[in-house]
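There is one chain below, alone, in structure tokens, taken in the form predicted alone.
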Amino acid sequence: MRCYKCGATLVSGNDKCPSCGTNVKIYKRIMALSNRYYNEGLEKASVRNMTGSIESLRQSLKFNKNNIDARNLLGLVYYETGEVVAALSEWVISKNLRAEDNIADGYMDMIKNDPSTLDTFNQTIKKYNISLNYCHQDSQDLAIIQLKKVLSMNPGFIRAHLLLSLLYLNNGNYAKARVEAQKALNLDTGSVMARRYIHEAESMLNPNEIAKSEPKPEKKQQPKNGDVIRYQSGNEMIIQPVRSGVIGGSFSVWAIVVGIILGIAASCFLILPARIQSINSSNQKKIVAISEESDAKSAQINEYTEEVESLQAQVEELEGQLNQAEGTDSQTAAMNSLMTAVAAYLNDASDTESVATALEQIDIQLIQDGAISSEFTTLYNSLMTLVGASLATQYYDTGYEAYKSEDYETAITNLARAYSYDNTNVNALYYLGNAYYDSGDTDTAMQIFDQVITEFPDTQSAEGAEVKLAEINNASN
């Protein structure tokens, strides 16, 4: 044992380091406790008390994490219980603590140099995790199937035995639950869960069922009448016919057998070739008929394809004519609405409600796209010069009140009109973006907020628009 401070060799019976004088009484006691728990873990592992061994070895490592022997033994115990990942973790830590002259190298090489064994362990862990997922999804039958596959690949996986026993208990199959729990107990004599499952299963079974669930040696019974052999294999009775070395029977039996063989041979050489030829001929005729039918259908499909292409061209031509007609109708309707608005203004300049009603019928997109005459645009702009400001104020007030009342549809309609009549009204554009945002249309809201920042920089509304854009981006992330 060496001093933890200077590394000098400590003298037995002296509680101080002979080199640096440090008091090592408590340190010696800690090392002694670590070695004691290691010895307990070794004794328990030798009688396959794996649970107790793991507890003792962990306690040993709590006192001395550098106890290489305890860590390597803990890895071996994990490996014996089917916990290969935990075993490799302990051996890797051990290797890092002592790089040279460490038996952990041999343990890890034993696994890594055998690809089939390593692949088996990987598949075992994956299937066990799949069975756990099935349990969480209440698909217990699928979980049982996966666990059986796990145990067929790694019979020493104690956790799989315990989980399978628990599923059998839950399904009411107490005999099988007891068998699986007993297998786990044989692998780990200190497993409390295995003993608990056995107790639960035995409490639900009667003594006869418990006796039946015990594994029984195979007992063969001699044939009584020279006909069959009966013997017990586990819980099943196997009945096996007796094989006789001499075939009994008379010459007539042999004659029947020879006749059957000759009949089969005659069928193979005489009747069967003609039958095969007939079937081939019939199949060939069917193939020709199917081919002709397929060619006819292919020609008909080509015909239909040409008709579809012709009809598609006609449809496109009619759609173009319809769009042209709709454009003309839209321009005519816009002119009529503008004349109505001008007439209402000339009749009573203060009647802004009538002017607004007429202007609402005009599709502003026609003006923005330049799809209408220049005379119409000039007259529209002149009218906007006279009534645009008052109409913008009227629509803004209505839209703002609707926005505060959370009537976002009305707010969007009126605020959009207000901005179209007065494109200097930054508040109308800003609250229009808020109305789209609060109604859930964040894409349109982002476009409007970008427009506020671009067209009205260095304004309070632009700062608010930047805050809203930041909120939308944070919510999307």
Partner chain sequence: MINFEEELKKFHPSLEIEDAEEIIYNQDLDDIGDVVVKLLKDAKVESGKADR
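Quantities reported herein were computed from a predicted structural model and do not represent experimental measurements. Positions refer to the first chain, counted from 1.
Not on display, but discussed next: the form predicted together with its partner chain.
At the 4.5 Å threshold, heavy atoms of Lys126 reach its partner chain in the predicted complex. Although the partner is absent here, Lys65 lies within 4.5 Å of its partner chain in the predicted complex, judged by heavy atoms. Shown alone here, Lys183 lies farther than 4.5 Å from its partner chain in the predicted complex, counting heavy atoms only. Contact between Lys95 and its partner chain in the predicted complex is not found at the 4.5 Å heavy atom cutoff. You can rule out all but one of 254 to 262, 302 to 310, 164 to 172, 403 to 411: in the predicted complex, only 164 to 172 has residues with a heavy atom within 4.5 Å of its partner chain. Contact with its partner chain in the predicted complex, judged by any heavy atom within 4.5 Å, is made by just one of Asn283, Asn113, Asn122, Thr377: Asn122. For the options Met335, Ile103, Leu205, Cys135, the one in contact with its partner chain in the predicted complex, meaning a heavy atom within 4.5 Å, is Cys135. Contact residues in stretch 146 to 161 (any heavy atom within 4.5 Å of its partner chain, taken in the predicted complex) are Phe157, Arg159.
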